[in-house]
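In the block that follows, a single chain appears as structure tokens, in the form predicted on its own.
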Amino acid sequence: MDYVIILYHKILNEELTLSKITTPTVILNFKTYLESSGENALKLAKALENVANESGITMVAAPQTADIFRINDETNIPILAQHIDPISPGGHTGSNLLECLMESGINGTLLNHSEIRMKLADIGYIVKKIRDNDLFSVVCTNNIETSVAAATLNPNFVAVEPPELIGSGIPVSQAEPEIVEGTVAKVKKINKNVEILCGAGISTGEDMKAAMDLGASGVLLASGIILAKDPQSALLDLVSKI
């Protein structure tokens, strides 16, 4: 399934262009590693772009807020915010405002990552605002039950990742395949338009293949690529078996 989203890229005389996010999808959460901050964030984004061009598989960056504008300006890949706060413009010091991040060039956002959990009502509020602005939402969940709840809010993706496996190097697609299979089956009963991503511990081509075999439409990953000696080679390996 293709999701058409607006990509805010400055090309020639700063016209806007449309592009497609297709499945399978690889979303790389840059988190706050030094290896994915500042100049390193741009290098990582360019590695994603190179692999997307070589493999034909959609590569999406989720960098820190401070790096979004530059990555948008210097690459041609979809960009997600790592988080958006359920606020309106005004006095909210330190918050992530959707309207500001749209100006910086995001194409959507992650929501409810295990490192920044949200109330269900707040997730619903942001998902609706994202859809109203023709953007793209990925709601992170930790089990089958929360995945089903998230699917009722109608995001583009639900990314299931048990917290205990995040950063462990143990892929959920192999350690707890029943969570991926159960999430796919139950979410599709609730909302057939929501696609499932597999997160937590994903880092190799075997991991991604296992996730896809279980019914996932892609992966959400972080440290396995960010901390690799050669992130671009690690990304190429990730999609080598698809």
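These figures come from a predicted structure and were not determined experimentally. Numbering starts at 1 and runs along the sequence shown.
The same protein also has a form predicted in complex with a further copy of the same chain, omitted here; what follows describes it.
- For the options Ser55, Thr65, Ser217, Thr204, the one in contact with a further copy of the same chain in the predicted bound form, meaning a heavy atom within 4.5 Å, is Thr65.
- Screening Leu135, Ile77, Leu153, Ile126 for any heavy atom within 4.5 Å of a further copy of the same chain in the predicted bound form leaves a single hit, Leu153.
- Contact check for Leu101: a non-hydrogen atom falls within 4.5 Å of a further copy of the same chain in the predicted bound form.
- Although the partner is absent here, Glu39 lies within 4.5 Å of a further copy of the same chain in the predicted bound form, judged by heavy atoms.
- A residue is said to contact a partner when one of its heavy atoms sits within 4.5 Å of a partner heavy atom; Met212 fails this definition for a further copy of the same chain in the predicted bound form, lying far away.
- In the predicted bound form, a further copy of the same chain sits within 4.5 Å of a heavy atom of Gln82.
- Proximity to a further copy of the same chain in the predicted bound form, taken as heavy atoms within 4.5 Å, picks out 30-38 from the listed stretches 45-53, 194-202, 30-38, 180-188.
- Scanning 143-160 for heavy atoms within 4.5 Å of a further copy of the same chain in the predicted bound form gives Glu145, Thr146, Val148, Ala149, Ala150, Thr152, Leu153 in sequence order.
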